[in-house]
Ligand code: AMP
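A lone chain, given as structure tokens: the form predicted alone.
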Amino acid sequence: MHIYKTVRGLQNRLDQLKKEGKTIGFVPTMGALHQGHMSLVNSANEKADITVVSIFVNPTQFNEKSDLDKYPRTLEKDAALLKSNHCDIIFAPSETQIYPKDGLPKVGLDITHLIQSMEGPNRPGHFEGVVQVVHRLLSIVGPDYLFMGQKDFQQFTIIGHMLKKLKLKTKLIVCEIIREKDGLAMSSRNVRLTPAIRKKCSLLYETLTWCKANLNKYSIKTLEKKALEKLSQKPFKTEYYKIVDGYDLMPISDISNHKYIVACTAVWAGKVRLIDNMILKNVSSNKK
């Protein structure tokens, strides 16, 4: 496994590998890695000849500087985990490598319709930052495959939209959520939960599971209302619980008119913000 910290060093190596006919799988991360990330790495190992993982804490997608400052930086630990999971290349650039002083060209992409609900209103500018950094990383790595996790549902939907609209050749592969034994979605933020609050966090998964089991029993409005009631107990504070079309993230009313339906939620568990989702209906053959 090799670690590159400069764009030039990485690209020189990747150019050589591509000339040898190797396919490249790419997993973008902000570090503080866990088994959820490793599931993406394992998928990349199976699909591509070479697996590249980037570790870059992107400042443009943080709304609060305090969140950026608190985000864990654990490169040595991350590198050891990646090596044990057969990652080939780590790209760990500085901010100036990703955002050069002379600036970057704007990504000509309209995502307005995809950020009208859920994370969009709660985190202004966040997804514009995500689009910017992923576009930049893709331009550097030039991968055949991009691996992202289902947990960030709105995020991967927006990146899929970017790939399609900009006609990029990279194929997006979405991997299922990896969960703890009690159902809590694995996240770098979970380590910040207090032990007392952590014991109660199975409520998120239980609520999503209940919603899926009752999709055909209640109206969408009733499902959302009952889910919010379930998530209203202390120490939780729910930002949103939305049931939307899985393709365009727009609200739905009649489930029979939609082939792909997902429930998405964001909850404050004490001082830690958690997001999760569950696919409630999927009768499409081309989206998993």
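No experiment lies behind these values; they were computed from the predicted model shown. In case it trips you up, residue 1 is the first one in the sequence shown, and so on.
Omitted here: the form predicted together with the named molecule. The next part is about that form.
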In the model of the complex, is there a heavy atom of the named molecule that lies within 4.5 Å of any heavy atom of residue 31, even though the partner is absent here?
yes
With heavy atoms only and a cut-off of 4.5 Å, decide whether residue 60 touches the named molecule in the model of the complex.
no
Close approach of residue 127 to the named molecule in the model of the complex, 4.5 Å, heavy atom
no
Is there a non-hydrogen atom of residue 149 within 4.5 angstroms of a non-hydrogen atom of the named molecule in the model of the complex?
yes
Only one of these stretches, 225-233, 255-263, 241-249, 32-40, has heavy atoms within 4.5 Å of the named molecule in the model of the complex; which one is it?
32-40
Heavy atom within 4.5 Å of the named molecule in the model of the complex: which of 95, 206, 182, 176 fits that? Just give me the one.
176
Which one of 132, 170, 155, 85 is close to the named molecule in the model of the complex, taking close to mean a heavy atom within 4.5 Å?
155
Using a 4.5 Å heavy atom cutoff, which residues in 57-77 contact the named molecule in the model of the complex? It's fine if the answer is none.
71
